[in-house]
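Here we start with a single chain on its own, the form predicted alone, put down as structure tokens.
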Amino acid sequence: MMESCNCFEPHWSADELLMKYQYISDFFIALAYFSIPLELIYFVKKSSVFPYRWVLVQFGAFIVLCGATHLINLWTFSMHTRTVEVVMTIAKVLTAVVSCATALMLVHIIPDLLSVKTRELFLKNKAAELDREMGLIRTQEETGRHVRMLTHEIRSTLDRHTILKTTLVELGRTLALEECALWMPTRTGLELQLSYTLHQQNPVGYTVPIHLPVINQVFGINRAVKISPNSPVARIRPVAGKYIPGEVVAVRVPLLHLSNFQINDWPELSTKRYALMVLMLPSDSARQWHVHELELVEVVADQVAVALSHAAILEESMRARDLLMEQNVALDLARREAETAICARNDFLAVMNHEMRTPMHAIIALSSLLQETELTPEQRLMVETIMKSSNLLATLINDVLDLSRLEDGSLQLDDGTFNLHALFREVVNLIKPVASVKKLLLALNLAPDLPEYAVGDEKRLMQVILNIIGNAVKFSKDGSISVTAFVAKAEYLRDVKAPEFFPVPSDTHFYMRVQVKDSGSGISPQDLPKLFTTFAQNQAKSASRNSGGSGLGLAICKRFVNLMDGHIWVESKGLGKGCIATFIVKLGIPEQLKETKFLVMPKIPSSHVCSHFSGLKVLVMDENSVSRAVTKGLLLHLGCDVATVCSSSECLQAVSQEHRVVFMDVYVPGIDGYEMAVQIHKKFAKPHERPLIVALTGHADKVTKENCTGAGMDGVILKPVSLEKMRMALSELLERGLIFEAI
């Protein structure tokens, strides 16, 4: 039966089967051990807020090593006793079951752990981070509020002392400081001076060298710096005994325009200068400086710099305003003093002009009368010398008066239409006798395009031409003098030596260029720039004193030319080589070329001047007995029937229809000459019955002429008056009914 039994017999023995079970168990144990770390790694990676990551990593490494030992056992099995093999098989099967169960369980519980425990930790961490951010925001808001409050406080005033003191007080209150101080640069810039403190317990004025390492450290960066409590700039609080000093920070404060933040009159310094602000926490305190507090200090330092710059600008503007006001007051005082001096000078010149013309009138008049008598050659030479000197003195009086009026601006041109060609011919006729005596050839060349008539000040233009030609004759011993006048073209208008002269031609005016060339003594180059200054004479002129001259002529000519919008200059190659005087003046073009109104003496040709006025009844009123007698002598010599009076009342009583001409001084006691002229007009209702009224005065000003015209006078003649001048004046007066000598 046993042989016919077909029972199952295992292929392995019991011992071999146990070994197989151990082999399979080690495989599954290794597999489980290798999968569990992978799951832990996944968990650690997904749970970013897990607090013990390093423990999981260490545990994962331990499991991997354990799995590696079981994996190695697959190749290192050896036979043991049956009991040991049974025990090892049971242990390894249980370990495989538990390991695989653990691996499978972790697959299910890791998502739950991630969704529960890690979320709680994540929320806690996020809440903590949010709390930190909110705290930072609150700190920033509080810092900003303090900065705004402090900025408002320091900008509510523009006084630097208030700004700095307010800054220290507000910083001390906001940051609970034990002490706060401000060090300012001294006048030399080599030291820092303790200028402001919070509690006023320190010696303000104490100084430290500015090149200390701690100061260089603070000045070198643009932020608050912690410094040692034992540094020289931090030793400003009372001795704390055994207390531990609090932390100290320092920050630089830029100072703009330090000249406005003066301590004992600082000089102006550059914008690279700084003040030093030192802030100290309370002693024996564990408190430390926080970042937001340091930021507050830095922002406040910048705001103080801005406020101080505004205060500097205000102080500078106020100082400039005060200085400007002082200068304006000084200028106004100087202007009034100058005006007073000018008025006094003008009054003096007016009085002296009148007082000098009166005796000159006597000298010239009597000398001219003396020339009409029979004289020996020696006597005639003496009289001619007297006349020449008197005329020179009269010219000097006129020049001084003209120069004074030119300098104070009271002289204005009296423009009118005149014959330009006739003016040149008249000047040449006046100069020719002197030129003939010196055997000089005087040539006049008027260009064909030069207008015959022009608008301008005839007297002043004649004075300029006469002076320049007169100088040429005066300083030429032989040779010739040429006078050329033409309309200046564009290429002749500019002078490279005078870029400021910029004429602009138009249809209403033209520029006349006059050139006077002589072969006289010439001018040295060093004297050329001085020619047009007052009382200046060149070497050749000063060496020839017998030629006369005051040094005023060219200076006055230049001013007259400038008034006529022109330019004048002189050229010479040196002493003994002659010179060329050139000037350009602006003249108007008359609307009616035939308009003629010539009131300037002399106008009547000498060939038509009446030499004798037999029976002409003339009344002379002059308070000065000498002047009255001299004028009477001139008129008597001309054949007039002359009556004289010395006052206005006598003149009103004496004047009658028989008198053809009344000569009167305008400034007399009682009724002046102007009122006298009005009274004479009233006395004679019919114009043909009234005598011609002529002012004979020494006041050579425009106001006198205007007053005479306004009072109805028929003419004005300036003293001094020679016999020839009186003859021509009477001729023109009787022919035209009026005569006004240009003033």
Partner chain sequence: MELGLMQRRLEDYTKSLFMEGLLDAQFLQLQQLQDESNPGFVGEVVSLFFDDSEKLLNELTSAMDQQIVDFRKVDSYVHQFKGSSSSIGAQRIKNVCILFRNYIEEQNIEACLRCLQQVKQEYYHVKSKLETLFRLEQQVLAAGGSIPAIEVTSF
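Residue numbers count along the first chain shown, from 1. Source: prediction; values computed, not measured.
What comes next is about the form predicted in complex with its partner chain, which does not appear here.
Asker: Which residue among Leu370, Ala629, Met462, Ile342 has a heavy atom within 4.5 angstroms of its partner chain in the model of the complex?
Answerer: By the 4.5 Å criterion, the partner-contacting residue is Ala629.
Asker: Only one of Pro254, Pro229, Gly633, Pro451 gets a heavy atom within 4.5 Å of its partner chain in the model of the complex. Which one?
Answerer: Result of the distance check: Gly633.
Asker: Any chance Thr358 has a heavy atom within 4.5 Å of its partner chain in the model of the complex?
Answerer: Taking the distances in the model of the complex, the answer for Thr358 is no, it never comes within 4.5 Å of its partner chain.
Asker: Using the partner position in the model of the complex, report whether Asn624 sits within 4.5 Å of its partner chain, counting heavy atoms only.
Answerer: The answer is yes: Asn624 has a heavy atom within 4.5 Å of its partner chain.
Asker: In the model of the complex, does Ser731 come within 4.5 Å of its partner chain, counting heavy atoms only?
Answerer: Contact with its partner chain, no.
Asker: Indicate whether its partner chain has at least one heavy atom within 4.5 Å of a heavy atom of His637 in the model of the complex.
Answerer: Looking in the model of the complex, residue contacts with its partner chain include His637, since a heavy atom lies within 4.5 Å.
Asker: Please name which of the stretches 413-421, 376-384, 467-475, 616-624 has residues with heavy atoms lying within 4.5 Å of its partner chain in the model of the complex.
Answerer: The contacting stretch is 616-624.
Asker: Using a 4.5 Å cut-off on heavy atoms, which residues of 701-726 contact its partner chain in the model of the complex?
Answerer: Sequence-ordered list: Pro720, Val721, Ser722, Leu723.
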